[in-house]
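Read the single chain below, which is given as structure tokens and is the form predicted on its own.
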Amino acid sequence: MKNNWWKIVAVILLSYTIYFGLMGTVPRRAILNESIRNVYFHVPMWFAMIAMLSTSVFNAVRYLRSNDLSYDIKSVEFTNVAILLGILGCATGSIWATFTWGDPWPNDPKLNSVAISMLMYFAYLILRGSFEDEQRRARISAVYNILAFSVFIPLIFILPRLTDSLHPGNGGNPAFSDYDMDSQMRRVFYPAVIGWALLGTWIATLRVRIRRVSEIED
């Protein structure tokens, strides 16, 4: 119990998020209307994905410095969870875009950047599968992981801000914090970010343990 307190926190925060995300009151905004509830799911999933990718890169660097395959396992499993969160983020974003912009995937710079980023990380998984030697696979994929993350950050956070974008906080559009999210929404939004990040960490650590057990059995 002492070592699992953060898992209990994750369950509590996500239960809180789901309940108030579906049942709580939200501000009435033009076009957004009830779809603004998706801010508790879509946006925190992306924040959690970024946290998972950051952890993956951190472990990739640790592997390159130590050649310890345990760091490679952590790196790939956190990337796997990040990809899952990215897919869920794309799915919830497409649903949201359908109701607010009339198109599940409009021609938007941030959406196009997301698509490129997801393809980069799918290529990461394909790259790993093309090597049989563990050390070579770990070393090359670690370098690729670092390079992919260094491209991912400008794609998501810098380039969309340099041109017109439908997304809040990009291309001159005000961010949610400026015109949409009142104090009541923030009381749900910030716990949601923490909850999704903790859930992603939980899944990744489980996958790491499963990978280690399977390697011992082999």
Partner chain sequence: MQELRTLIGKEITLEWRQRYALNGMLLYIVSTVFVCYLSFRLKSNQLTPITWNTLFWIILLFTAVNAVSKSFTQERAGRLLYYYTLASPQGIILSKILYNSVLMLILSLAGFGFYAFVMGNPVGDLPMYLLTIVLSSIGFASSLTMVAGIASKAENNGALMAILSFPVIIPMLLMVMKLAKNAMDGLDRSASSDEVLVLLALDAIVVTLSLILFPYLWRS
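Everything numeric in this text was worked out from a predicted model, so none of it was measured. Positions refer to the first chain, counted from 1.
One more form of this protein should be noted, the form predicted together with the partner chain, which is absent from this view; the next part is about it.
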- [ ] Using the partner position in the predicted complex, report whether residue 188 sits within 4.5 Å of the partner chain, counting heavy atoms only.
- [x] no
TODO: Would you check, heavy atoms only and a 4.5 Å threshold, whether residue 159 touches the partner chain in the predicted complex?
DONE: yes
- [ ] Would you please decide whether residue 154 lies within 4.5 angstroms of the partner chain in the predicted complex, comparing each non-hydrogen atom pair?
- [x] yes
TODO: Examine residue 131 and determine whether its closest non-hydrogen atom to the partner chain in the predicted complex is within 4.5 angstroms.
DONE: yes
Task: Candidate site 139, 146 and 150: all three near the partner chain in the predicted complex by heavy atom within 4.5 Å - done: yes
Open item on the list: So if I measure heavy atom distances to the partner chain in the predicted complex, which of the stretches 74-82, 87-95, 100-108, 120-128 falls within 4.5 Å?
Closed with: 120-128
